[in-house]
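First comes one chain, alone, set out as structure tokens in the form predicted alone.
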């Protein structure tokens, strides 16, 4: 497609404005994490790693971080198991209600978080409390898994539809059983998609706060909850900047990697 010089300039300008709109606020947070002042003063009068040192020794931050990691890993594992099973069923088989199931699987991520949170809170209280199971890490994992499933499902379904079933059929024609076909043909073609789905599911779970608020109870606190609860406390606000800066830097690699894996060509298999 040929573009005139003026059109290229306009596109470059729009791209620059978009990037600035997205990343300037994030850059401000990163710079402010080195601000020795206890207030959100701008620009910083000087730069210091004082709050970085305090953040890495803050028990509240460490405890909340571990809780978020546990919740993210748990939700990602459940999402991988259930999301991949649903994707295989929809991509490889014809049955009544298939399109309805696809809609129902995707719907949770489209609903407002507060609606999902209220629904899960009510369900947990009705179903789990009679058995002595209260709100906590387990309910947070289940709550996060409800929308993380969508991420794995969409990633894997797109890959399965793209590669088709020709290689699997050829494997069967050559005498391979179901397990051999999955191990040597199917799994290599979907491996990168599974990893990308798991990374995105973990990131989505780690970042969630609305659903977490309705499913965590008073016993645990995830890192996003800790950030929200301490944002306007004078003694904690600078540490919040540090935690936010670490998350910005730390999540750049997984997001980039998941994007690369989602777009990459499927690996070949062998029989």
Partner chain sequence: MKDSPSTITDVPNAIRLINLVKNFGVVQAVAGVNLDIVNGEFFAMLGPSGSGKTTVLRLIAGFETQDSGAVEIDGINVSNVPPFKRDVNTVFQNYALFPHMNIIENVEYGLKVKGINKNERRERAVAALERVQLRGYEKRTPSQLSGGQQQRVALARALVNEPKVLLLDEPLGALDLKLRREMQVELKELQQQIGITFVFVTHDQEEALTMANRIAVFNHGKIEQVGTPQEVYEKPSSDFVAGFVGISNLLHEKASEQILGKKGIFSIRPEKIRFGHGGDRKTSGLVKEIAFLGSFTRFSVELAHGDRLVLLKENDGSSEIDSTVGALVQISWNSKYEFQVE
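Keep in mind it's a predicted model, so treat the numbers as computed, not measured. Numbering follows the first chain given and starts at 1.
The same protein also exists as the form predicted in complex with its partner chain; that form is not shown, yet it is the one meant from here on.
**Student:** Which of these residues, 122, 166, 129, 100, gets a heavy atom within 4.5 Å of its partner chain in the predicted bound form?
**Tutor:** None of the others qualify; the residue that does is 166.
**Student:** Could you spot which one of 146, 84, 181, 116 gets a heavy atom to within 4.5 Å of its partner chain in the predicted bound form?
**Tutor:** Residue within 4.5 Å of the partner: 181.
**Student:** Give a yes or no for residue 110: in the predicted bound form, does one of its heavy atoms lie within 4.5 Å of a heavy atom belonging to its partner chain?
**Tutor:** Residue-level check for residue 110: no, no contact with its partner chain.
**Student:** Would you please decide whether residue 133 lies within 4.5 angstroms of its partner chain in the predicted bound form, comparing each non-hydrogen atom pair?
**Tutor:** It does not: once its partner chain is placed as it appears in the predicted bound form, residue 133 has no heavy atom within 4.5 Å of it.
**Student:** Consider residue 189 of the chain shown here, and say whether it contacts its partner chain in the predicted bound form, taking contact as heavy atoms within 4.5 Å.
**Tutor:** It does: once its partner chain is placed as it appears in the predicted bound form, residue 189 has a heavy atom within 4.5 Å of it.
**Student:** Indicate whether its partner chain has at least one heavy atom within 4.5 Å of a heavy atom of residue 185 in the predicted bound form.
**Tutor:** Flag for residue 185 set to yes.
**Student:** Within 4.5 angstroms, counting heavy atoms, which one of the listed stretches 135-143, 149-157, 167-175, 88-96 is next to its partner chain in the predicted bound form?
**Tutor:** Going by heavy atoms within 4.5 Å, the stretch is 167-175.
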